[in-house]
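Shown next as structure tokens: one chain only, the form predicted alone.
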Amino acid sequence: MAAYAQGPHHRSPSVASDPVAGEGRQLILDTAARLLRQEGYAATSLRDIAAECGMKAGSLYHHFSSKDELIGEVLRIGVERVAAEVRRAVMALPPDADARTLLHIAVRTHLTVLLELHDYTSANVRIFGQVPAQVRDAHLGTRDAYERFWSALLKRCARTGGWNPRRKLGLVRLFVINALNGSLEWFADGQSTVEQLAHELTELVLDGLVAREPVAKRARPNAQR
């Protein structure tokens, strides 16, 4: 089993309006997400989840009709919360925001929510390929919508940032999202902050690894001609 670093405690997603029913449903979701992250899909049963919640297995059916419905909700939360917060953060920027600002805000927000919802997002990454096809297929629309958002964001960055037109933005999107999601396996508080990590990843994407002279220094010879 992969060892996942313990990031910040996740925020609880919104629950039903009935406080008692809502607390029970939320407990089940939080427990399921944690066990799925730790054990995987096949090794996590409704009986295991109920035992961790201090419930009888039958009590879970008051909230979810099946294991697959419960798993589908965990998967949905893991992506939708990240996607919603990233969209909100980018939309709050001014229309003339430059490429560096756009990318940094999107990267930082994705990382922040990803790590705060650690059990949900880690479970999503770990078990997506393990769940039954019908559960996976039902979830594809949510993932595809978020990928389309990133595709549009990168096109906007390319227009405002003068990016090399030969670069394939589809590959950039895959590179960035996989790098961000991979932080679930190794990021730990104390090594760096989310802000520092977001800055480093943004600089890596935009500036690469090759050391370059400052723009002002490179421009000086041309100015003397």
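For every residue, the number given is its place in the sequence shown, counted from 1. Predicted model only: the values in this text are computed from it and were never measured. So that the term is clear: the rigid core is the largest set of C-alpha atoms that superpose within 1.5 Å between two forms.
We do not show the form predicted in complex with the DNA, though everything after this point is about it.
With the partner omitted here, the stretch from 192-200, 156-164, 62-70, 169-177 that lies within 4.5 Å of the DNA by heavy atoms in the model of the complex is 62-70. Among heavy atoms of T44, some come within 4.5 Å of the DNA in the model of the complex. Among heavy atoms of G182, none comes within 4.5 Å of the DNA in the model of the complex. Relative to the superposed core, G161 undergoes a Cα shift smaller than 2 Å between the shown form and the other one. Once you line up the core between the shown form and the other one, the Cα of I28 ends up 2 Å or more from where it was.
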